[in-house]
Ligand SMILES: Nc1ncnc2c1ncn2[C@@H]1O[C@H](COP(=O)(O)OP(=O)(O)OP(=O)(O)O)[C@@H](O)[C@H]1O
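One chain comes next, on its own, written out as C-alpha cells in the form predicted on its own.
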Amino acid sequence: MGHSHIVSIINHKGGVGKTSTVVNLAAGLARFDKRVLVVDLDTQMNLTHSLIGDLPEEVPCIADVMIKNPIAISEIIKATPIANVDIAPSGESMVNLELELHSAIDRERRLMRAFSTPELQKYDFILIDNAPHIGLATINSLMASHFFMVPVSAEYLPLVGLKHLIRTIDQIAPYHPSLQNLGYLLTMVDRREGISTVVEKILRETFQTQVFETIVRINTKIKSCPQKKQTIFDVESARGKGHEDYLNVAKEFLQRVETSRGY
C-alpha cells in the first residue's frame, strides 16, 4: 500500500464490542499478512489492558504524544502478542487529555499531526479504539482518519444512540469531507433472542449496504480473551464461530476498503 489506511472504530454507546472488534479485526487482518497499528484513545484503557497490560505511570502514552509535541508517536509504540500488530497504548495521562486539548493550538488535529511521520507508513492499517462518548479525543480520531466503522450490538439502546453519532459525523463533515463510512458491524447477535432479529432488520432497512453482511455472534470466549492477552484466533479452532466471524469481518473489511480507496 502507498500509505496507511486509518480507521476510527466508534460508537456513542459503551458495551457494543468496540475494543473486541479492534483486537480481533487487527488479528484477522494480520492473518492476511497486513501490518496493523492499534491506537488506544479510551480513558478506560481497555485496549491496552487487553493486549499488553498496565502501562507503568512513568512510561509515555498516546496522550503524551498529543499534548507534548517533543514526544513522537514512534517512541511509544510497543509490540503486542499478535504477530504484525503493534499498539500505541493509553496510560495514566489520558485522564487529563481532554482538559489539555481544550487550551491547545490546533486542538482537533493533534493526532493527525502525530500520524504524519513517515515511520508509520510501514503499517497497512491504523485502527483507533475510541471512548464511548464524543470529546476532543474522538474528534481528533475522526479528523485523522480516512474511514470510520461502527460496531452496533444487537440491542435496542445502541440502535437509538446511532442518531447522535450520525449528528456528530455530520458536524465534522464540512471540515473533513473525505471521511468515509466503512460500515456498521452488528455484534453480540443471539438468534435465540427476538431483539437480535429486530435490530438487524432495522439496521439493514435504514442503512442498507452500509451494514456489514458479516455479523458477529455472541460468544463467551471473546469475553475471556482480554484477561489472557489473547484473541479469538488463539482460543478457538477454525471451526469456532468467533474465529469464523472475525475472519469474515476482516475479509469484508478489506473488500470495503478496496472499493472505497478514492479518498
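Since the structure is predicted, the reported quantities are computational estimates derived from the model, not experimental observations. Note that residue numbering follows the sequence shown and begins at 1.
Form predicted together with the ligand: not shown, discussed below.
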Out of the stretches listed (25-33, 52-60, 220-228, 198-206), which one is close to the ligand in the predicted complex, meaning heavy atoms within 4.5 Å? 220-228
Here the chain is shown alone; which of 41, 38, 66, 216 has a heavy atom within 4.5 Å of the ligand in the predicted complex? 216
Could you work out which of 149, 94, 88, 188 is the residue within 4.5 angstroms of the ligand in the predicted complex, going by heavy atoms? 188
So in the predicted complex, is the ligand close enough to residue 16 to count as touching (4.5 Å, heavy atoms)? yes
For residue 161, is any heavy atom within 4.5 Å of the ligand in the predicted complex, or not? no
Can you tell me whether residue 132 touches the ligand? I mean in the predicted complex, with a 4.5 angstroms heavy atom cut-off. yes
